[in-house]
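Next up is one chain by itself, shown in structure tokens, the form predicted on its own.
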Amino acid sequence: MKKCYIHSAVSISAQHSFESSGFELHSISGKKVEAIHPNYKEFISPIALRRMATGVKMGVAAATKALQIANLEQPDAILTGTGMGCIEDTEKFLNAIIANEEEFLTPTAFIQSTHNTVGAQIALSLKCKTYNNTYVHGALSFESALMDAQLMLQQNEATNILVGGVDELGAEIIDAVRLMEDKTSDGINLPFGEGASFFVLSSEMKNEGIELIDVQSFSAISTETIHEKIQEFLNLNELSFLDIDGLVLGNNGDAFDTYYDNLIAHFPETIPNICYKQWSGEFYTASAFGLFVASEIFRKNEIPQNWFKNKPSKSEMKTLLLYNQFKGRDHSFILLRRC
């Protein structure tokens, strides 16, 4: 089977990650944190822009820039992951139902609220009629899209694929989600966030690139067996704990961070630990921002100390392992190697 390489990585997030090269991270706080939005008029026509919800704007802009960096006009497939979809338009439609007492409703907001709106708008902007699929699998939504892309490349069904993860905050529904999640555990100590991260994956290698070695997901793992699962994953790829040069982790400060602690305990103390959600906030496709951070780590010659959770003595990183979970469910492993 053919290998899979990442040719470009673009992210709109709570950081200055879209327009800045080698951006510095700044702290976030509160219950919600909005993305730092670029000038969308550079990527979307003003007429189309007026009708787009935040998630669609972020997705189209990030996807367009990812294609530009990869010098690609048309991808062979567009794969998107989203946990909440376009909830801004969902809120508009539900509020209209209440305000109009379920009468005289226009369907526009409902039509635009569907989860595959982002992927569809990207395709429309590119006039792209290739395979287009959206995954809505909770905190595994992005990973599902990533695995589909990898399989297509490995089986020679495509050469270049656009894949990304998108979620928006909205105004009301996310508050209910936050309240529900806080009641089911000790709560989330990070703000809920939003963002869009897109990547161009290819079966063709460039001089300096990133190889996506493997992606694996689980709906449930116990804290006691997390190290066994990761060992099986590494063994499958003919690697050991000592072969990993850095960990990129989805800690969010809740009671389920014990998963990360149990995982870290089986790696040498010299391995760098990078926790990305303290910079992006928590949302269902935050792991896409984690993959973007991993791409930045490979691209940078020097990494600021505030990126690290620990004080590593190991500086050169060739192989990275990304691990994320949400509320003890939806676990994912992503393995990357610098080419």
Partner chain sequence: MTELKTELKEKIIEILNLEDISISDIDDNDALFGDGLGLDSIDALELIVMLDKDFGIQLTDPKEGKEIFKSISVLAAYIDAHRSK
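Positions refer to the first chain, counted from 1. Here the structure is a predicted model, which means the values were calculated and not measured.
Keep in mind the form predicted in complex with its partner chain is missing from the figure; the text below concerns it.
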Its partner chain contact at L105 in the predicted complex, heavy atom, 4.5 Å: yes
Non-hydrogen atom contact K41 with its partner chain in the predicted complex at 4.5 angstroms: yes
Any non-hydrogen atom of L242 within 4.5 angstroms of its partner chain in the predicted complex: no
Contact test in the predicted complex: N71 vs its partner chain, heavy atoms, 4.5 Å: no
Region of this chain that lies against its partner chain in the predicted complex, out of 259-267, 202-210, 96-104, 244-252 [heavy atom, 4.5 Å]: 96-104
